[in-house]
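In C-alpha cells, the next block holds one chain alone, the form predicted alone.
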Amino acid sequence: MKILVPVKLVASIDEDCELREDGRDVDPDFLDYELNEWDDYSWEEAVRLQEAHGAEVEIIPVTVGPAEAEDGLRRCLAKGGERAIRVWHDALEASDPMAVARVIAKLAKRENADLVLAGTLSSDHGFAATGMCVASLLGWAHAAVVSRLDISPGAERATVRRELEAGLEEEISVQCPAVLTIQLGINEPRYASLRGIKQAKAKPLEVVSHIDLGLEDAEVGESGSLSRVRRMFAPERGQAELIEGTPAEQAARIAAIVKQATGGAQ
C-alpha cells in the first residue's frame, strides 16, 4: 500500500507586519515558516501505519512549493519514510487549492497511490478544500475531518471515524483508493530524533514540475485557479467599554450607545 501525504510550510505572522506593495499578501520579510499543524498529524498517522505493517506500506511526503519548502519534507523524513517529492515551477506561483489539487492528483496517479492522507486544513488560509478537490479530480471516495483510521494493506475498504457538528462523530466504511483529511487529535505527533534528523538529510528528494506530470501552465497558477486574492487588509479595530453601575444605569448607558450608533434614530 502506497500512501501520499501532502504537506506544506505555512507562514506565521507577527502582530507588527507590512503588506506587499500590491496589497495582496504580507511582505515576506515579516514571515516565519513552520510545518502546517494538521499535516503533522496526517504524517504521524502515515508513519504509524508503516510501523504497524512494515514493508507492506510505503509513505511519501509531497509538497507543492519552492526550494524553501524542502524543509517541511525533511522534517517529515526525520520521523519516517524513505523518500519525498517536491513539485515546483514559477508557473505554480499563486495557485489556489484547486490548482494545487490538480498537481497532487496527477502525482497520485503517477505514483499509483492507494491512499492520500491530507491535513483537514492549513492554518494560513484555512480553506479546507485541497484534499476534497484531489478526491474529486481522482474520482476517489473521500472522508473529511477524520479522527480515527483503521485500514490494512490490500483492504478494499477503510473504516474511519469523522467529526460532525454539535460534538457528534460517525463511523463509516470508505471504499479504497480514497482521500482522507486528518483532524487534530487523531494521534500524538512524535518529535524527530537527532539520528532521524541526520538521516533525513541523506534521503532522496525528487523535484519535478507540473509539466513533468502532464499539466499545462494554464492549469496552474492564477490562470488555473478558481479563486484569487484581490487584496489583504487589517480590519478596523473597535474599542470595548466595560459598563458599570446599577442595572438602571447600565441600561441607560446602553441606550445612549445605541442612540449614538444609529444617529439618534428611535
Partner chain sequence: MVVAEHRRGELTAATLEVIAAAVELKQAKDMTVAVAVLARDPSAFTDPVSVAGVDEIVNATVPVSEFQNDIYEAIVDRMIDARQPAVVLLPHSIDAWGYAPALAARRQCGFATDVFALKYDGDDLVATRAAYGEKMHVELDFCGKDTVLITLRSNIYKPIGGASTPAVTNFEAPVVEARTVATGFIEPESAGDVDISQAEFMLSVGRGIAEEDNIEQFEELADAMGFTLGCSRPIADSGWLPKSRQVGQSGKTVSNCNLYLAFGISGSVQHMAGMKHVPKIIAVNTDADASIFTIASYGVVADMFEIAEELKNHFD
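Residue numbers count along the first chain shown, from 1. Because the structure is predicted, anything quoted here is derived from the model rather than measured.
What comes next is about the form predicted in complex with the partner chain, which does not appear here.
- Using a 4.5 Å cutoff between non-hydrogen atoms, Ser95 does not count as a contact of the partner chain in the predicted complex.
- Contact between Leu31 and the partner chain in the predicted complex is found at the 4.5 Å heavy atom cutoff.
- Shown alone here, Asp124 lies within 4.5 Å of the partner chain in the predicted complex, counting heavy atoms only.
- Not displayed here, the partner chain is approached by Ala166 to within 4.5 Å at the level of heavy atoms in the predicted complex.
- Scanning His142, Arg75, His89, Lys106 against the partner chain in the predicted complex with a 4.5 Å heavy atom cut-off leaves one residue, His142.
- Interface residue among Glu82, Asp71, Asp150, Glu171 relative to the partner chain in the predicted complex, by the heavy atom within 4.5 Å criterion: Glu171.
- You can rule out all but one of 63-71, 231-239, 207-215, 46-54: in the predicted complex, only 231-239 has residues with a heavy atom within 4.5 Å of the partner chain.
- Interface residues of 35-65, taken as those with a heavy atom within 4.5 Å of the partner chain in the predicted complex (partner not displayed), are limited to Glu37.
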